[in-house]
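What follows is one chain in structure tokens, specifically the form predicted alone.
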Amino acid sequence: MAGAAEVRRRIYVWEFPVRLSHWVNVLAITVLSVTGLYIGTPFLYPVSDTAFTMGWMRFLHLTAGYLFLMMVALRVYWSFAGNKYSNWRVFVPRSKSQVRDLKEVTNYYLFKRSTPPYDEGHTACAAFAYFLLFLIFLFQIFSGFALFNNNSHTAVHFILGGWLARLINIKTIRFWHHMLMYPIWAFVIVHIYLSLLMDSSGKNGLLGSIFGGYKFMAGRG
């Protein structure tokens, strides 16, 4: 109706487990990347015989790896236990409407349409990107513990990924474990840019929602 005032609804989208796993993963991935680069190509040199630089880097890498594993496991669990915005069904375009939404948001990202599509949770494009990212996360977990099991030979580490070394050469595992760090950081850069874009154009509080959980969606009143 002409002259109707626009109202904005406050919607609780991202529950605490989703926000927790998001920010802990930011920390874990940062620590894993820095320590992993050092382990592969040391760029700090000890100044005394008692220095334990490589040992500390490996300890931090393993600790961050366990933390990352727990957060990925939490996110998998919450994709079944959480609300509709975190449900596993949103991450794979299975229906015609999801495919249509994927096309619309992709056109917006490519500047082929001027207004962002209406999405309370993830956009279809973002959700599918998260699905692909999750597959990379799984490989990084399995390959990381496969590399660690090569030295520790424990039942736990074998279950977490040591079995992978029976399928793939350990040098190949190490190569891909390193290389897949780069698409993860490419995703981070694009993710930050698109979050800023969607927050600015949609005026929906997207950036703040990953801290407080709430988004503000426009309606007609």
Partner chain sequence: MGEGKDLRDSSPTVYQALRQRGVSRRDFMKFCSLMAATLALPASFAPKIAEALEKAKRPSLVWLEFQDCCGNTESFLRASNPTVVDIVLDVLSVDYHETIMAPAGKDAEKSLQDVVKNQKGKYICVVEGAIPTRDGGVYCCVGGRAAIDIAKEVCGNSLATIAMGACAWDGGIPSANPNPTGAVGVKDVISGVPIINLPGCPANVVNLTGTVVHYLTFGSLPLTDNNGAPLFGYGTRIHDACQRRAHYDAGRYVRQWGDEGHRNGWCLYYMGCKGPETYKNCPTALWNDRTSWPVGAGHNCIGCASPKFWDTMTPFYSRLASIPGFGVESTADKVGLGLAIATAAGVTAHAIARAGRKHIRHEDEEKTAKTEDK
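Residue numbers count along the first chain shown, from 1. Because the structure is a prediction, the values reported are computed rather than measured.
The discussion below concerns the form predicted in complex with the partner chain, not included here.
Scanning Trp163, Tyr66, Phe59, Tyr182 against the partner chain in the model of the complex with a 4.5 Å heavy atom cut-off leaves one residue, Tyr182. In summary, among the residues Leu167, Ile189, Ile159, Val26, the only one with a non-hydrogen atom within 4.5 Å of the partner chain in the model of the complex is Ile189. Taken together, Pro42, Gly55 and Phe175 are fully in contact with the partner chain in the model of the complex: each brings a heavy atom within 4.5 Å. Proximity of Leu207 to the partner chain in the model of the complex falls outside the 4.5 Å heavy atom cutoff. In the model of the complex, Trp78 stays away from the partner chain, with no heavy atom inside 4.5 Å. Among heavy atoms of Tyr130, none comes within 4.5 Å of the partner chain in the model of the complex. The partner chain is not shown here, but in the model of the complex it comes within 4.5 Å of a heavy atom of Tyr108.
Just one listed stretch, out of 110 to 118, 91 to 99, 69 to 77, 134 to 142, contacts the partner chain in the model of the complex at the 4.5 Å heavy atom level, and that stretch is 110 to 118.
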